[in-house]
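Presented as structure tokens, the chain that follows is alone, the form predicted alone.
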Amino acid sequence: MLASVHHHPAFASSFLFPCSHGYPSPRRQSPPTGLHLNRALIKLRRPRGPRPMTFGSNGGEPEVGERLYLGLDFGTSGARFALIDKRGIIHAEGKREYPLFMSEEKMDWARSWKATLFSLLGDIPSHLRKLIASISIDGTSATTLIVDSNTGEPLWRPFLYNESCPDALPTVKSIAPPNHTVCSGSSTLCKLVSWWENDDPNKKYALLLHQADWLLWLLHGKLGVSDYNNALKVGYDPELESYPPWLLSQPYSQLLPSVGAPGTSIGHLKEDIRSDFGFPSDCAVCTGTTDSIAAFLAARATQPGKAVTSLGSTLAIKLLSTTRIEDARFGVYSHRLDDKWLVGGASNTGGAVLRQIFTDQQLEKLSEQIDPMEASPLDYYPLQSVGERFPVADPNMAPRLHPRPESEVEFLHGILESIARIEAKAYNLLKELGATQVDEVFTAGGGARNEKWTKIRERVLGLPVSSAIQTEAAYGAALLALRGIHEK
């Protein structure tokens, strides 16, 4: 069962007063199409809802009596599901863009996420739904909802993952330890304090939930449950397995959810959902995690010293360490993974800078002409705009992409090499701060497909670099679901 370290009264009352929430029937879902989801952009559609993109099974039909495990990933621009067996073989997967729902001329994100959740459940082949033993969900880190502790309905529009609340930062810095993870305008705690100081009359009946927590509540009905990955940026201490005294002494601590380990079985799927969608009566719902943690889990980097670099729009690194590292001065923090720590940070450099300069076709053609064993003499710091988070925390750092040589091949070579140097600096910083030294790097994201860049990075890092076999966060969430049912 869930090990609650901070109890909220709504957690108990929700057993007595389960809430009824409408959701799209699986019979009304649009048929699968070849819709492409561009994760770099938020593509919004009309309220009738986007059509799904589903993929064929690559694991064949499940064996007789075999159970399956469902992971759902709610990212920045859309959501995915992955259905695996106990060997980690995928039996079905699919994705959806978020539908466009407007409220007072603003995007109604909670309604959109809810509709997407039930659309994805309906997209799962019906003959596989009856085999699902457990479900888990990952969501974007620090995406925060303030909900009614009796009904679960949002009292305020959701605070998105990248939304900053600088008005709350002085208050948070006055109560938190120096350089703590919450001492950032985009932290969950800053979002909570900003809302609290807004003189909302509903404070007495309010409850804080993260995106994954709220979506999971729609499935299990027990309001007020979170996990220690999502709760990190609200101030939860995963090492002590409790909220710290400096946080519990605040008047808004009454809003904090109960916290357990990711992949902990909370309870069974609600009966109405089971019957409407054809899930088995013993289908469990497990605590979730953040999208970046789920992506790391998907890569199966299980030993200290193994790291995952995500080369997407930005550059994010995560290293499995035996030592916990926290330092807001450098944008470094640690998530707990069982008895180890996942340390890292995210730089503003990355693929978005390349897309500003080159087309996909140019990147492919120019990359072919690069000699990755030859070091580039160009010293750049590629950024889309002013400001860097990690390994240098400097909001005033300006992009540096000069001098620009006449040769486009040399220019691209210089950019790729400079991003690799930033990656190397990041891993060196983690070592200097006391983390386990990196010995192997797995790569996720679009940059993993550029073989020349991989060879450049191997040379600059002085480490073996390879593409992760699985990179989808939904797969990592499915692994959590698998773990939750086998550790009950």
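The shown structure was predicted, so the numbers you read here are calculated from the model rather than taken from an experiment. Basically, rigid core = biggest C-alpha set you can superpose within 1.5 Å across the two forms. When you see a residue number, it is the position in the sequence shown, counting from 1.
Beyond what is shown, the protein has a form predicted together with a small molecule; the following relates to that form.
Participant: Applying a 4.5 Å heavy atom distance criterion, does residue 360 contact the small molecule in the model of the complex?
Facilitator: Result yes; residue 360 sits at the interface with the small molecule in the model of the complex.
Participant: Decide whether residue 173 counts as a contact residue for the small molecule in the model of the complex under a heavy atom distance cut-off of 4.5 Å.
Facilitator: So residue 173 does not count as contacting the small molecule.
Participant: So, in the model of the complex, is residue 354 in contact with the small molecule at a 4.5 angstroms heavy atom limit?
Facilitator: Yes, contact at 4.5 Å.
Participant: Given that the small molecule is not shown alongside this chain, does residue 443 nevertheless sit within 4.5 Å of it in the model of the complex, heavy atom to heavy atom?
Facilitator: Flag for residue 443 set to no.
Participant: Name the stretch: of 320-328, 269-277, 68-76, 394-402, exactly one has residues whose heavy atoms fall within 4.5 Å of the small molecule in the model of the complex.
Facilitator: Among the candidates, contact is made by 68-76.
Participant: Identify, from the list 223, 189, 147, 311, the residue with a heavy atom within 4.5 Å of the small molecule in the model of the complex.
Facilitator: None of the other options qualify; the answer is 311.
Participant: Identify, from the list 379, 153, 374, 364, the residue with a heavy atom within 4.5 Å of the small molecule in the model of the complex.
Facilitator: It is 364.
Participant: Once the core is superposed between this form and the one not shown, does residue 183 show a C-alpha displacement of at least 2 Å?
Facilitator: No; that C-alpha moves by less than 2 Å between this form and the one not shown.
Participant: With both forms fit on the core, has residue 229 moved 2 Å or more by CA between this form and the one not shown?
Facilitator: No, because once the rigid core is superposed, the C-alpha of residue 229 moves less than 2 Å between this form and the one not shown.
Participant: Does residue 348 move appreciably between this form and the one not shown, meaning a CA displacement of 2 Å or more on the superposed rigid core?
Facilitator: Where the cores coincide, residue 348 still shows a C-alpha shift between this form and the one not shown that is 2 Å or more.
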